[in-house]
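Below sits a lone chain in structure tokens, taken as the form predicted on its own.
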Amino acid sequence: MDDTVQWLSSEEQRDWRAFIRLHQKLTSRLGADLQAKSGLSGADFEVLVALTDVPEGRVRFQELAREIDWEQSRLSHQIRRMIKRDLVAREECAEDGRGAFVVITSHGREAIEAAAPPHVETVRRVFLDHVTTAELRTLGQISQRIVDRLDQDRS
């Protein structure tokens, strides 16, 4: 064993593993629910949410990859699948011949607008209904602090 590693205590290991199981189970449940109720995958939903977060529904490809924290190749494959289903379109950038935009289509807007209400109901049922307002606020603060640190480390 490496004596320089600060190993997790039994309590830290228990809590870390509980957090990992929570993340895996939530991701799985929310993805399955989205697919069953709307025909959208979790990946579809993540891309569409990012596009609806901007007024024009139009984002440079690299910015979208950064926003949702995906590798370029993963996003390229996902966007190709979504284009085939008319959820998004690809537009070349007039100012920069190498750049491109991902744009939500009217069909994509309809799909996310139909998927959002049942998705929110599931989020409430499987997660929000089981934490207090104070716990949720604390979880949000902790999560944001860690996300900010991870973003700093990447820069």
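Throughout, we count residues from 1 along the sequence that is shown. Only a predicted model underlies this, so the values are computations on that prediction, with no experimental measurement involved.
Although it is not shown, the form predicted together with the DNA is what the next lines describe.
Although the DNA is omitted here, in the predicted complex all of 61, 73 and 98 have a heavy atom within 4.5 Å of it. The shortest heavy atom separation between residue 126 and the DNA in the predicted complex exceeds 4.5 Å. Within this chain, residue 41 lines the site of the DNA in the predicted complex, having a heavy atom no more than 4.5 Å away.
For the chain shown alone, residue 54 is not a contact residue for the DNA in the predicted complex, no non-hydrogen atom being within 4.5 angstroms.
Put simply, residue 32 is close to the DNA in the predicted complex: some heavy atom of it is within 4.5 Å.
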